[in-house]
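Given next, in structure tokens, is a single chain: the form predicted on its own.
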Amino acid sequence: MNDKTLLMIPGPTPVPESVLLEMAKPPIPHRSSEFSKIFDEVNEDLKWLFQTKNDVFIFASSGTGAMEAAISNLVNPEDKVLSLVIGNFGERWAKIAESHGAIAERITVPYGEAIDPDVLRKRLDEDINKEIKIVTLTQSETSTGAVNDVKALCEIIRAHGAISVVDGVTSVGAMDIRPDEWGIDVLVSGSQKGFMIPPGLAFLTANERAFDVHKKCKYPGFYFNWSSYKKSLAQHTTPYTPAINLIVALHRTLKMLREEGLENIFARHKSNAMLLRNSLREIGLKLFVEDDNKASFAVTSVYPPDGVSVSDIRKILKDDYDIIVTNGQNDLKDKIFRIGTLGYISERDILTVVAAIENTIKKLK
């Protein structure tokens, strides 16, 4: 049935109708007092959602743009970066660092696993001369559905003296993450996830420790330069033309999220994820991340049953039920399928997709 698609992927996520209506309004001038008022409220609400007292910069880009902004404003050529890799997006940190002339070392675990804090501590203890300048890591790994203990890892990074740079793309607005309290120096995210708006905005918050490093960065770039965004924020505006209608949409969703409250947001995501995980187990499916304590509340990865292909499952779900789930990435392509549970997703949506998967498998066996 047309216009009834149920989008169950880890991004982009469904957008509330009231938000779509806000986006449909004509753009307003971005140098106007009307926009500045909206922009100021958005910035305060972003601080609330990010659980930080520091500024949150808004870029007109995907989440990868914020990742690039994090690295480009910190590293100089030949700087040493340690990337904690638990999936495709953990690896992306290392690739971005290398593209800016840094030397990237990786601690990699089998996909579906998380980083052992003791392994990180051992490596940083070996860095007697403090050559490792930055440590990158992911909270919720979108490609696998595994979760790192960011709090424990960032405590170790802070004790060493390096700067922690965290990918919170599928966790901010879905899972508890506290940059100020946990000692996270830089945290990034993207709009098409827990923020419940379409792709096109990325977010970055950085503390004073990170800004001290930024000030020594030789080539911070032009468009993503933190100093430009900080200066413009003080003037209630943006350094360059913003994605006006997306910011207006964000203004609306942040009000919705504040009304719900942080504890309720996190509890809803946990409840939906566990309902999905337990329901999939009940119909006989194996989860890629078996340990619930290491599993994301934003995305769940699932193995297909023996003799059934991922492509066939996805095709029937789309053709017969108008439900979209997504494939695995890179080496996991066609080996798993991923179901998103972040943002504007309800218990009814979870039950619907599980019933459709169960019927799909019956058709294919």
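Numbers for residues come from their place in the sequence shown, where the first is 1. These numbers come from a predicted model, not from an experiment.
There is another form of this protein, the form predicted in complex with a further copy of the same chain, and it is not shown here; the text below is about that form.
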property	result
a further copy of the same chain in the predicted complex: contacted by all of Pro12, Phe222 and Pro242, heavy atom 4.5 Å	yes
Options 155-163, 268-276, 141-149, 92-100; stretch whose heavy atom lies within 4.5 Å of a further copy of the same chain in the predicted complex	92-100
Heavy atom of Gly261 within 4.5 Å of a further copy of the same chain in the predicted complex	no
Contact flag, Ile324 vs a further copy of the same chain in the predicted complex, heavy atom cut 4.5 Å	yes
Touches a further copy of the same chain in the predicted complex: Thr253 (any heavy atom, 4.5 Å)	no
Interface membership of Ile28, a further copy of the same chain in the predicted complex, 4.5 Å heavy atom rule	yes
Heavy atom contacts to a further copy of the same chain in the predicted complex at 4.5 Å, residues of 330-365 in sequence order	none
